[in-house]
Structure formats: C-alpha cells, structure tokens
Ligand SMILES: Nc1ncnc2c1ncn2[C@@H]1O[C@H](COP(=O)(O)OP(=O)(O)O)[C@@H](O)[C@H]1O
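The chain below stands alone and is given in structure tokens; this is the form predicted alone.
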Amino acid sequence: MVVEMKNVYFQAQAQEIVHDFSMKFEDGKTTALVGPSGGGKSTVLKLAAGVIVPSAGTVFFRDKDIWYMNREQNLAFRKESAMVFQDSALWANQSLYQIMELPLKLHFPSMDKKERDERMNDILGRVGYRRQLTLRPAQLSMGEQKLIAFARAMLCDPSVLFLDEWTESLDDASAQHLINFVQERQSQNNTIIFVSHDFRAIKKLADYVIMIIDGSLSQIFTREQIMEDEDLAQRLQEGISP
C-alpha cells in the first residue's frame, strides 16, 4: 500500500472532525473522497497527505509512519507526493515565479536556472496558464490561482497526488484540461487521491469512491458498480452536489 490510515481521529477546537478512519490506498489506483459538504473529506485528504497531524491513530506512507520519518525520509516523501489545496495555498507575498521555483530548488538543488525555467514553462503551458510570472496571487482570478497551484504540484513529477477540489473555480474547458492531465498521470501508474464535487471527474477517473459522512467512512464503491448501476450513480451525484 502507498498510504494507509489506521484508526485515525482528528479534533479541532474541541470538535471531532474525523472519527476512527481506517483505509488503505492502493499503488497505482485512483480514489475519490465524496460526501456532504462539511463531512470531513478535505480533512481526511490532508491527514493522508501528512499536511496535518492526527489527534490519534497513524498514517503510513510506504509502511513508514509519516510523523516519525527522519529528515531524509520526509524530503523523499515530499518529493514523491504533491498536494493541490482547495484554496490553492499560494504565498501572497511572493511572485508566481518564486512560488513555482521553490520546489525545484528544494528537491533538485543541482538544477540550474535555465533548467528550472524550462520545466516551469513546460508545465505551465500544459495546464494552460499564459500570463506573466512576475504577478502575485492577488492579481489572478481564482481559476488562474488553481492552475498555478496544480502546475506547482506537478513540477517535481510526483507519483502520488493529493487533489482537493482541483477543478473548482475553473471554466468547463480548463477543468476538462486538468481532468485529461490527471488521466495521463493514471496511465503512468500514479496513485491519486482526490476530493471533488465534480461528478464528471469522479466518473471518469475514480477506481474507488469512498463516501465520508460526519468524519467516518460510510461506504466504498468501485468504478464497475457506479458504471453498471445508474440509480447508484444518480444517488452519488445528488449526494455530491453542493
């Protein structure tokens, strides 16, 4: 297993958001986390990605407890995985160039500026961002911020992707472009875990769909079940919609 969550709990401000969550995420498979708004999907994703610390329980990445990794192991984990946050999480006081350059400087210290620029321009072109990199996040639309966040996540060629509402705020054409990009990553045997209200993405990409309600794992469905059962697909779509 790439990621395993065992009896994970998470509390914030004395409120339990995730309750006794256990799940194994298979290598090379795509899993969609769905459910009602406010039900804990994004928190589960952040826990799986090692972005937040569980109140109890354990999260493993390739059989290593994320929170007991040494510096070398943690750097390798961060290089191999990447997360796109729902709010894009771009540094407000940095230019887009600085935001994009940092992961390459961190994980490829021997890469020169020309190589970094070539890689950045290639990824930005592939996601459809065309504006200057001297801009700051506040000068972009929400959709443009999402494109930058997605491009930043792909810079180090990760094999494990954590995507939180990654097509949100995008027009249909741009959203479809990113869905196609993720589908390409699937063909490269990437492991992908994502949260989305976009049933188009869920139906096209997910090998497994996990329903999360009130911070707990409610049900697990396979792609075959969703494709073969129109009533199930309709119920899922209605339950996913904001």
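Worth saying up front: this structure is predicted, and the values here are computed from it rather than measured. One-based numbering along the sequence shown.
Unshown form predicted in complex with this ligand; subsequent notes refer to it.
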Self-check item: Partner proximity in the predicted complex: residue 233 to this ligand, non-hydrogen atom cutoff 4.5 Å
Solution: no
Exercise. Consider residue 37 of the chain shown here, and say whether it contacts this ligand in the predicted complex, taking contact as heavy atoms within 4.5 Å.
Key: yes
Quiz item: Are any of the heavy atoms in residue 12 no more than 4.5 Å from a heavy atom of this ligand in the predicted complex?
Solution: yes
Quiz item: Hey, in the predicted complex, does residue 17 get a heavy atom within 4.5 angstroms of this ligand?
Solution: yes
Quiz item: Out of the stretches listed (29-37, 202-210, 171-179, 53-61), which one is close to this ligand in the predicted complex, meaning heavy atoms within 4.5 Å?
Solution: 29-37
